Structure formats: C-alpha cells, structure tokens
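Taking the form predicted alone, here's one chain by itself in structure tokens.
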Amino acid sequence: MGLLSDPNRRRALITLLTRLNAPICVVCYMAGVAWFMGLAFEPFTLRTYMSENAMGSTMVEERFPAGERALATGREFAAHKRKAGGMPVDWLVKTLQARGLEVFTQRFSRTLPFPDENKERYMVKGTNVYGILRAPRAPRTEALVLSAPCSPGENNNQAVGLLLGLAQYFRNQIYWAKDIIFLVNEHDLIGMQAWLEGYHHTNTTGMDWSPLQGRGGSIQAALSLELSSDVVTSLDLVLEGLNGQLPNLDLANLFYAFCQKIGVLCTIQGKLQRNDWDSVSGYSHAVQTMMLMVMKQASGRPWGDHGLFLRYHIEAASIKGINSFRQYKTDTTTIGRLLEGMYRKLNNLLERLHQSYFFYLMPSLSHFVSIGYYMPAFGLLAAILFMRALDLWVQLTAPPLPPEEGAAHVKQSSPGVLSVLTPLVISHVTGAALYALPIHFQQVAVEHFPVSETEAVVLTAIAVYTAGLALPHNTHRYKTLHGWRVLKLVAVLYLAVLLGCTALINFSLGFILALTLVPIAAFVTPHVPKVLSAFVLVFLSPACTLLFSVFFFQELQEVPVSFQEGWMLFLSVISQGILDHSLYGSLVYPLISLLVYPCWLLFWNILFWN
C-alpha cells in the first residue's frame, strides 16, 4: 500500500509501466494463449467426482429386461410414422395410455421470419405427446423428464421405442418419489420450446401453442435420448445449451459413473478418452476435445433438445447413440439399464443439483477444468486492455510540451465531445442496422434481385456489415489533436467491459473474441501503415473470425472442407444465428451486431483518423 500511497513511488511505477507497455502486452498475450493451451494437459486438470451425496453409490442393481421389445416398439412406431406422414399422434396416445400413464397432447405452430433452407420449412405446425407417471411415494411436487424427438425419416425411431419401453418398466416400480414425464416432441427444438413455454406458462418467442392440460411437479432434471440405429457402439454426451449454458457437472459425472459401472463405451464431442496423456498424440487429442467444446459453447446455439431446459434452471443433457466402425457393441437392454440407473439416482435428490460446477471445460469425461483454472487465461488478455488504457490516460494528462523557438505554432485544443460522440453514434447506428435490416428488408431484396428469402437475409447482413467500413465515422470539423486518443481510451475500456461481461456468461465466446480483438485494440493508431493495418483489422474482424471458426470447427471434427464448401457453411451459420435468435432467444447475433461490431468499427475509425 505504501507503494501506491506515496506520490513519488506511484509516479515511478506508472512511468515504468508506460515505458514497458508494449513488451508487457506482448508477454501477457503469449502467456494467456499458453495458459489456455495448457488446460488440456491432464496433470493440470481435475478428476471428476460426485459432489451430490444423494447420488452416491448404492447397493442396487440396474434392471431393464425389455431391450428387444423396445426395438420392436420402435419399428412399430416407424411404420405408423410413415403411414401418417409425420408424428403418429393417435398411436402414441393409445400406446402411452396402455402403459398406465396420464397422456396429454399439445398443438403448436410457428411462422419462421424467413425459410430455414437447411430443413426446408417456413410454416411449422406440430403436436407434442407426453405421458406423466405420477409418483406413488411423494406429494408430486417434483418431476423428471425423459424426451425423444420425433425426427423426420428413419431418424430416432429406436429412441422413441426405448422411451416407451422404459415407460412400461417404470410403471411397474413403486420407488418413484418424483413424477416421470415421457415426452415425444415434434420438430425437434421448436416443439421442445413450445412444450417448455406451455409447461412454465411463458411465451418469450411469440410462438402459438395450446395450453397444457396436464402438468407434473417442478422439473429437477431432464435427459434427451437420440438413437437412430439398432446397433450402438458408443454413447455420446452432449452438454452445450442455449447461450453457452452448461448443466451441473454432477449430471455428466452421473452418466460417466454408470457407463463405467455397466461397461458402456462413452464419448464426449464424439471422441474417446485416451490414457496416454503424457504423449504428444494424447495431449493433441485432449486439446481437440476441449476446443470442440469451446467452439460449440461459443456458438450460443443449443446442440440438442436439452439445451432449452437450461434456460429454466433445469439440469439437462442429451445422450446420443453412435454407430461407428468400432467393434464394441452395446445392446438396447444395456442402454435401458443405464437410463434406469440414472433416473433412480436422480429420484433420490432432495434438492436441485447445485453442489458441483456450472462453469467448466472438459478435455475428457474423466477430467474437467474449473472456472478458477481457465479464467486466468482470459484475465491475461484483459490485462492488455487496461495496460493500454493506462498508457493513453498518461498521455492525455501529461502537460503539453512548450513549442520551440521559431517552430510553427501547433494549436493545443482540448479533445471535443463531438470528436468522440460522432463515431460512437454512427458505429452503433450501423450495428443497429445490421441487427434489424436483414429480416425487415428481405422482401425488398427478393423483389429486386433473383435470390431466395434466406439468401436475401444473409446478403443484406453482409452488405450492411461491409457498408459500415465506408461510413464517415468522424468529420474534420470536430477533430482535435488528442481526439483519437480519447476515442481509443473510450473504445479500449468499452471493449474491456464488453469482453468481461461476455466471458462471465459464455467464457468460450469471450475468449475467442479476446484473441482477435485485443491485438487490434492494443496497437492500432493513426500513425501505423494504413494498407497493412487495414488488412490486419479486416482479417481480425468479427466476420472473418466467424469464417475461420467454421473451417477450424470442421478440422476439429476431422471433416475438412474446401473453400467453397466452407463459404457456404459460413453463410448457413449466419442464417442459423439469426434464426436461433428469433426462435429460441440466442444472444450471440445481437451481441455481435449491436456491441462487438460497433466496438470494432471504433478501432477502424481510429486507423483512418487522419
């Protein structure tokens, strides 16, 4: 404290920090990247463990004898689905009623803001069917959910058959202390969104749905099941939800514990766990697994039906059956035993899952990285912004040098408010146009250009984004000697707050944005070479970051694409981002358009200040 309270020492410290500002920034950036890459090294991670005592080991045996019957029911469901041309509502209602459940249906409809060309739909209508198994040993104030989406074609028929088989088996057991809800939702996420809104009496997305006639207790946890083959080689756990939310780590620990107990091959991000962590290939495998989780979390979209439960503080995950080239096979009976064991453990909960972590990264199912381990990597990048802000503040508060005798008089004017306010306003107006115009102008674009509605939305977004680079963000009338320094100080502090808030909600998105925007914020000035600097700024802009992320994600999944295929994926990601915001409330698109892009435009404006 004496160092900061003594004016002379404080002045000496500030002088040292400003003199070594650039080297310190470079070291912080390299240290932040190195810290993050080291998180996948197994000795630096924590082993997973069960924090919730109520879900600890018990002397029970998981039972489910009806695996073959479940597959037969799945084939029957597939036949009725082909006959009905979609969801066989009447057959599902009769089948669930025959198993002794209280059965209800919910109709819903939604008009998309523009056609979803990936799934070829614009006006969506469907029906959800769900049955409630009332708890015989409790006051029915809590519930668990098992869902299986009714997917088009031959997809997920086995999951619905297993769900119906579990419903029949659960009905004959007497130990349930919570209601069990068996849900078959149509049109994947849209149907799940309608059901959750109806269950919780909310309507945040403007969807039309009929009120639910039957409800269970407060939902404590949920699992979504996806099986599309009679042969399953491994089960993949999907955790990433809407806006980067993750379920309580104990839910992942529970899945991993039962896979180990029953002998089921389990994966995360589609990758098996390796034990050779001390080798280069083992470390590379862990990095790929962790980076896949980072990329999926940063996208902000739900990667399964479970992703929408997290918005209602319901711990949920999706379990996907994978049929690959591996020789290891898992039958439906074993999968049913695993699910029965998980629900018996969740049935023992006396309160919501809360004792374990909600913020984490997983390089494997047996190891995790907690928030206390990965936040320093972001903190090192954020420190660069505060170092540059300190340097700018010292330059602005330093007394002006007296003009030399005979030298031309330079007007030392104070930084005007308009010199900073003008680019701030214009940049944010451009961001608002990027957010609002693509959907509102799609009909105008379709009338004047030979493009579809989806293409019109994406091309309008790209046009507005590109036009923002040419706008006169400042005028010579309001420029002052120190105006660009004031603007950069505001922009650097603005970026620091923006990235900090983003990283607290969605660390992966905040870290990826920090990797590209912090170098721009640190070193852009009006005095650097214009052409080269402009190229670097465009190269590190939010749009190019998204484009590179598309290619990087495909490489991580070991499905590399050509530039043309990657460009089409890039356009598809833009349209899906806008759709996810309209349909489910994803915050990534408004964050980029209303805040990140305008902030980047401020640095673009600083480069061309003269």
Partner chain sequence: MKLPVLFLIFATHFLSGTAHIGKNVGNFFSSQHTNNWAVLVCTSRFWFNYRHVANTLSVYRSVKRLGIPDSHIVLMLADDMACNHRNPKPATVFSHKNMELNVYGDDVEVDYRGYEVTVENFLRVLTGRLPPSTPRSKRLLSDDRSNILIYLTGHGGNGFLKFQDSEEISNVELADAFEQMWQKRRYNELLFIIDTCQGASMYERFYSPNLMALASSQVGEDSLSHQPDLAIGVHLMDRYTFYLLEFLEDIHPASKTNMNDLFKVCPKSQCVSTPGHRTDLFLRDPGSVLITDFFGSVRKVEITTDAINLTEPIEQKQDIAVSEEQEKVQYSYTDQLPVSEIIHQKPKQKDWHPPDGFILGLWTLILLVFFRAYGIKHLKHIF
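Numbering follows the first chain given and starts at 1. Keep in mind it's a predicted model, so treat the numbers as computed, not measured.
As for the form predicted in complex with its partner chain, it is not shown, yet the points below apply to it.
- Proximity to its partner chain in the predicted complex, defined as a heavy atom within 4.5 Å, singles out one entry of F539, Y328, Y175, F449, which is Y175.
- Of the candidates Q273, N348, S370, S109, N348 is the one whose heavy atoms come within 4.5 Å of its partner chain in the predicted complex; the others do not.
- In the predicted complex, its partner chain lies within 4.5 Å of some heavy atom of N53.
- Contact check for H285: every heavy atom lies farther than 4.5 Å from its partner chain in the predicted complex.
- Mapping the unseen interface onto this chain, R63 counts among the residues with a heavy atom inside 4.5 Å of its partner chain in the predicted complex.
- In the predicted complex, its partner chain lies within 4.5 Å of some heavy atom of A138.
- Checking 440-448, 262-270, 339-347, 511-519 against its partner chain in the predicted complex, the stretch whose residues place heavy atoms within 4.5 Å of it is 339-347.
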